[in-house]
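As C-alpha cells, one chain now follows by itself in the form predicted alone.
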Amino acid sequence: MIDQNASLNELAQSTAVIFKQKSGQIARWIAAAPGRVNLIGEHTDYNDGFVFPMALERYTVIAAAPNGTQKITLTSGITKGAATIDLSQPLQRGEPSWANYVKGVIVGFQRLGQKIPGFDAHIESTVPVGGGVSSSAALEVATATLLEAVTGKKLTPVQKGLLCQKAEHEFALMPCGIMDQFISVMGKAGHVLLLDCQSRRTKLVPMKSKAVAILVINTNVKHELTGSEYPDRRRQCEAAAQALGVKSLRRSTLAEVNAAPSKMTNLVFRRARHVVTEITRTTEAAAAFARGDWATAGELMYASHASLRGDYEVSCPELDDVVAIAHGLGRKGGVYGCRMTGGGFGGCCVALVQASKVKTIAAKIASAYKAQTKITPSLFVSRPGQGAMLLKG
C-alpha cells in the first residue's frame, strides 16, 4: 500500500546509466535536489509569514557531461520528452513547458556574468509531479546545483534559493514565495525547517523521534483551474494588507483583522484571517515539534486544513475526504493530525502518525478514500531528507 522509494544512490546510479545510453558519454556531473512537504504554514510565504517544511527523501537527479557545442540537450524520464536550449540566442519561454524551469535557472546564472558551455543532460525524479510537493523547485534547485559545478560559480544558500524562485516567476509565470526553493536548498536530514519569509532567517527543528512518521497521501487528483487562482489569492492578500495599512499581512494581528471587516470585502477579510491565524499556528506547531508534543502539533494541522478549506478556499472534496478519514481514525488509531499541503485544489495531504501503525493507517486511508471517490491514492512515508547536493563533479 505504501509506495517504496528508491534511495538517492540508486536513483543517481540509474540516472547515470540512462544518461550514458542516451548520450554515449559517462556523466561528468550528477546533481540532486529534493522535493518537499510543508507540515504547516500554507500560503503564508508570500505574505512574509512563517512556513514549516521538510525536505523529502525523494529527489530530482540530473546527470550531465559537456558536449563541446553552444547547445544544451535535455532528456527527461519524467515526461519522456526532450528539449534543446540554444545558448547562442537569448532564452525565452517555450515548449516543452518543463524545460522552462531549466531555462530560468540558466538565465539567472547568465545574469551573474557566467558563460555556460553546452552540455548533454538527463533528468530522473522520484518527486511526484503535480502533487503539491514541489517537483518544480526540485528541478530548479538541481539545475542550479549542476550549474554551480559546470561554471565554478558557488552561490550562497540564500542566493541559490532566490535565483531559483526568480526562475519560476519569470519562466513558469508562477508568483511563488521562497519556501519551496529554500527548503530544497537548505534541508537537513532529521530536521524540519522553520523559515521566516520576512527576514529569511531559518531555524532547524530536530525531528529524530522514531515514534512518529510523516505519511504523504497523494489524492491523484488535480482539478482543472483557470490558472488565476494562485495570483488571485496573492492579490487578495495584498488588498487586505493595503486596507490594514501594513506592508504585508505578517505585520497584522488577528485582532486588527477582526476589527477591520468594513475596510474590505468579506472575501478579502477571510483571506486575511487565514493568513494571520496560519502564521500563529506555524510557530506554535514548530514549538510543539521541538518538544515532541505530537498531540498539539496534530490539532494545529487540523485547524490549518479547516482554515484553508473555509477561509482560503483552496481545498477540494478529495483533500477534505482524506483529512476526514484520518480524523476519524483519531489518536487511538495512530493519527495525530492531517492537512492538505501545497497550493491546493488537489495534490497531497500530509499526516503526522505513530510510526508503529503507519502501514495499518495507510491501508485504512487508502481503502476508505477509494471507496468514497473511486480513485486509488498513492501513499509514501518520508523522514526529513537532505537538501541539494552535488553527487559527482
Ligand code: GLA
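Please read these numbers as outputs of a predicted model, since none were measured by experiment. One rule holds for the numbers: they count along the sequence shown, beginning at 1.
Keep in mind that the form predicted together with the ligand is not shown, yet the notes after this line are about it.
For L146, no non-hydrogen atom is located within 4.5 Å of the ligand in the predicted complex, even though that partner is not displayed. The ligand in the predicted complex is approached by G177, whose closest heavy atom lies within 4.5 angstroms of it. Though the partner is left out of this view, D48 does not reach within 4.5 Å of the ligand in the predicted complex, counting heavy atoms only.
The closest heavy atom approach of R58 to the ligand in the predicted complex falls outside 4.5 Å. Residue heavy atoms within 4.5 Å of the ligand in the predicted complex occur in exactly one stretch of 22 to 30, 326 to 334, 355 to 363, 36 to 44, and that stretch is 36 to 44. Residue-level contacts in the predicted complex: of Y230, W98, F269, W294, one residue has a heavy atom within 4.5 Å of the ligand, and it is Y230. In sequence order, G342, G343 are the residues of 331 to 355 having a heavy atom within 4.5 Å of the ligand in the predicted complex; the partner itself is omitted from this view.
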